[in-house]
Every structure is written in C-alpha cells, then in structure tokens.
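Before any questions on how it binds or moves, here is one chain, the form predicted alone, in structure tokens.
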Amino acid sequence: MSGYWAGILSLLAINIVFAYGIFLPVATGQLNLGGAGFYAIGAYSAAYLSFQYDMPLVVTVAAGFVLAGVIGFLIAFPILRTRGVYLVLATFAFAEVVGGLILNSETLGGAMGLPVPTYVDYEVPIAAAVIVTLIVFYIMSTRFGLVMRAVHDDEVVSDLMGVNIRGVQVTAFAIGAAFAGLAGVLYAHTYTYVEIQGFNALMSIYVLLYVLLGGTQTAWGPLAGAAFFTLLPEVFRAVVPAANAFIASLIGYEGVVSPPDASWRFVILGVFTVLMMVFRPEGMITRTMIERLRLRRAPDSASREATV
C-alpha cells in the first residue's frame, strides 16, 4: 500500500475513534465542545511516556486512555451541572485550559511540542477503530444504551421512570473522554510529534460536526460522518481538476488548463455541509432509516423461508 493511502486510512481510523468519543455524550443530550482537550491529554501522555521513559506502546495506550477517562469522570460532575449553551461553553473552556497548561509547561515541551519515538503504521489505528466501533455498537444495544437514548429524547420522562440521569450522563461523558484520549494516543504515535497548536478549537468543532452531520440517533452516524469528512476532500482532490478540464473542453477552450487552487475542494465541502444541514438536519443516518431498512429485509427473509 502506498504511503498516501496508509496515511488516509490512519487518519480515518483516528477520526472514527475520536468521533465515538464525542458521540457518547451527545447520545445523552450533551454537546461536548471539549474534544480537543481530551485528545491533547491522550496525545501528550503518550508522547511524554514514550519520549522520557521509552515506554512500550501498550503502556502509552493504556495511560492515555485511562488518564483522559479519569479526568473526564472528575470534571463531568461540575460541568454537567450546566445546561444548553453554558454546557457547550464549559466544555470549550476546559479544552482551552488544557491547551494553556500544556503551552506553559516546560516538562511537556511548551510551544515546541514533544517528539514521539514509537511509530505505528496504519494497522494499529484501524484495529483500534474496529474495536471501539464494536464496543459502541454493543453499548448502544444494551439496557444502558436504551437509557442513554431515553435521556437524550426526554430527561423529564426518564427521571419520572426512575432513571439516574446524572449517573448515565457522567458515565457516557467519562467513556467518551477515554475514547477521545485513545484517539490522541493514536495520533501521537502515527505522526510521531505533538505540538499544542494543533489541538485547537477547530479540532473540537470538526469532530462535533462529524457526529452531528453523521447522525446522533444511532451508532452508525459517527462512522458515516467521520468517513464523509475524511474521504470527501480526498475525492475532491482528484475530481475538481478533472471537472475543471471537462468544463474547459465543453466550452471549447483550447489553451492550457491550469489546475484550480487546492482550497476550492474545501469550498465545495463547505457547500455540501450546508446542504446537508438544510436537507438532513437529523444527520445522514437516522433511527427511522435503520428501521426502514430492517423492515425491507424482514419480508425478503420471510419469503425466502416460505420458499424453502
């Protein structure tokens, strides 16, 4: 496999793990804009242990996963006392605090960042993405997943039915933080260098877009959203110059057709994003879509059994 496709697959796998880290809190009705903070915690813990103590991969993965999860659990109690836009601002402020602490820490390299000696190829992020995906699908199929959806749909009714809303939200937030930390660990070992400037507010916004536009009603949503936003810019990288040449030939232009600026593919991606918000406000994959697909498959299976 070429280095280009290995890099794309690694990035896709990391984005899927990161998206599931944000999906779990969102599935309980909490908009988490602090993803970059947990991502940075995982990445820097792996980088520090690998660079300073030459720890093996299994230790850095466990450390980043557990540390981000524990911090997520501890801050969930004060942060989840807020609601709506204040919750969004509180999680955003957490990410900014983490970034500020790392930026002013000489131990963590400050603005210069840290090198990461241990490199992992694309097989490791892909394996991690598969495992995390299966875990999230399992969680959403259990009684706890059903309670998460109930809390997301109506907190008041869930409370009346005896659901421990705070416990469900804190658990989902902590597990999501651990997955975001794991994504950071994979990022550190894949790109072998971490610097805090890369863990900014845009990162938190992008991963939240993966989840919201992919769909928050089922576990398929983050998978679709991460794949869409990771792969589509690469598709446009090949399609946009070809479309430019086709249009030039269509209008009879016979001169040299220079390729369009690379930024055009992000302009087109922005247009696609706005159109999706307009025509699919509940996301690409919804619960209704999944149920319709199941209903279509059910009569087909029944007819095959009757034939046999």
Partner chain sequence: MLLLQQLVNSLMLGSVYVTVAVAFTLTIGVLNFLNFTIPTLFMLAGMVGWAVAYWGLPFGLSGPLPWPIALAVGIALAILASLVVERFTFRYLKTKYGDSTEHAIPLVSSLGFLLIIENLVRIAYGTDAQRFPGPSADLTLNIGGVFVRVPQLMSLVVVLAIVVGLTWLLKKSALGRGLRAIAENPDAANILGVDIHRIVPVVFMLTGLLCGLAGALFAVNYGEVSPLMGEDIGTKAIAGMVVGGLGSIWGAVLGGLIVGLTETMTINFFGADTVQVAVWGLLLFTLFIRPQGLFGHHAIGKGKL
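Everything numeric here is computed off the predicted structure, so don't read it as measured data. Positions refer to the first chain, counted from 1.
The next section is about a form of this same protein that is not shown, the form predicted together with the partner chain.
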Handout entry: the partner chain in the model of the complex: contacted by all of Val124, Thr133 and Met140, heavy atom 4.5 Å
Key = no
Problem - Residue contact check: Val151 to the partner chain in the model of the complex, 4.5 Å heavy atom - result: yes
Exercise for the section: Would you please decide whether Val271 lies within 4.5 angstroms of the partner chain in the model of the complex, comparing each non-hydrogen atom pair? Expected result: yes
Practice task
Find out whether any non-hydrogen atom of Tyr187 is located within 4.5 angstroms of the partner chain in the model of the complex, and reply yes or no.
Solution key: no
Exercise for the section: Would you please decide whether Tyr86 lies within 4.5 angstroms of the partner chain in the model of the complex, comparing each non-hydrogen atom pair? Expected result: yes
Exercise for the section: Name the stretch: of 221-229, 159-167, 174-182, 90-98, exactly one has residues whose heavy atoms fall within 4.5 Å of the partner chain in the model of the complex. Expected result: 90-98
Handout entry: Leu108, Val120, Ile71, Leu209 - the one with a heavy atom within 4.5 Å of the partner chain in the model of the complex
Key = Leu209
Fill in the blank from the handout: Answer key, the partner chain contact in the model of the complex at 4.5 Å (heavy atoms) among Val66, Leu57, Ile247, Val267: the residue is Val267
Problem - Residues in 30-45 close to the partner chain in the model of the complex, defined by a heavy atom within 4.5 Å, in order - result: Leu31, Leu33
